[in-house]
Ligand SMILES: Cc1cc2nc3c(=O)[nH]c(=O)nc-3n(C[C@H](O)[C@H](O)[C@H](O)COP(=O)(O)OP(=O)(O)OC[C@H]3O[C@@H](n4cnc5c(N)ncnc54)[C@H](O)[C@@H]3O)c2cc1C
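Only one chain comes next, encoded as structure tokens, the form predicted alone.
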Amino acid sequence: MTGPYKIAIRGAGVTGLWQALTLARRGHSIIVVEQSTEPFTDACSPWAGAMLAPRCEEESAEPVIRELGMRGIQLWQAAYPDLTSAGSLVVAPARDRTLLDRFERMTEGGSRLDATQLEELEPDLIPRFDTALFYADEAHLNPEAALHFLLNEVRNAGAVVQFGTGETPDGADFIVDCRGLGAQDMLPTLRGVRGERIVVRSPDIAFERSIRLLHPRFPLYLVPWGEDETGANRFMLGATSIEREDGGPVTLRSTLELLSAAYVLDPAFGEAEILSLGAGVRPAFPDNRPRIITSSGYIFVNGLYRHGFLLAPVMAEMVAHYLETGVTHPEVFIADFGQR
């Protein structure tokens, strides 16, 4: 396998765009086809929190997610100038300190901060929290801005992007299917996992890095999304993980839980303004691990679960490497189509 090839990519969410960008920059002829008529209207990508936190994810995910995720951050840093590489924090109320201790045991690469060190990073967390875990090499981004950046870069790299069509053109050497749940009819074990989020703004809150609040009932993560047109800071509060495949409105229960947890993190959220509430449905296989499934010129890239932004660039790099050398990652690639 060498190339260059004519490659058709199905789906223009974060996974498909990273495939298109990586393969186009390596000299392949790329066309992207997307069912929706407008960019990102049917994708789950805009609903992501976009925390690039492979070390924190290790608390509940397989080690391969950390391995791939660290490479994913490197690829974002090389490609996207607006990535915020400020690390991430994990905190817990004093009464739930055992949760923080367990989180520290389950993850690698974090450092334990005392109150003075925590105040230097995020002074607004003091005095409610007097210790935290800090993962210095993690990052975050605004998903909507990043998606539009990727779309422009894909076009600048010479790829053709067609919206409003799901039909792949004739003559492609390979088809890379990145449709997420849209490929459910061909990948019967694929399921949807609903994630709900709230976006708020406040001129009184100034967190600079993503923060996880550990709580026995209402865990929360917060991602700063920068200033809006009024100069107020925007924050994404998320996210639930519910075994449902509908992306409808956020439930009252989820709203109460997320906002209650935000208030625990900083009571100043009580005066924040809600900008949007919404839910996306993320594609996942039964073990929540990503897959690259190859079969006679057809390649599925799917099952990125809650790690879409983290893993999309490294999945693209692996597909490009496979097309050029035939080399595969043993924990990600599946050659037997019957195991999909």
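Quick note: we count residues from 1 along the sequence shown, nothing fancier. Source: prediction; values computed, not measured.
The same protein has a further form, the form predicted together with this ligand, not shown here; the description that follows concerns it.
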| property | result |
| --- | --- |
| Answer range among 253-261, 162-170, 102-110, 121-129 for contact with this ligand, defined in the predicted complex as heavy atoms within 4.5 Å | 162-170 |
| Among the candidates 29, 35, 60, 295, the residue which, in the predicted complex, approaches this ligand to within 4.5 Å (heavy atoms) | 35 |
| The unique member of 91, 154, 176, 236 whose heavy atoms fall within 4.5 Å of this ligand in the predicted complex | 236 |
| Contact test in the predicted complex: residue 55 vs this ligand, heavy atoms, 4.5 Å | no |
| Heavy atom of residue 285 within 4.5 Å of this ligand in the predicted complex | no |
| Residue contact check: residue 308 to this ligand in the predicted complex, 4.5 Å heavy atom | yes |
| Heavy atom of residue 195 within 4.5 Å of this ligand in the predicted complex | yes |
| Neighbours of this ligand in the predicted complex among 5-35 [non-hydrogen atom within 4.5 angstroms] | 10, 11, 12, 13, 14, 15, 16, 33, 34, 35 |
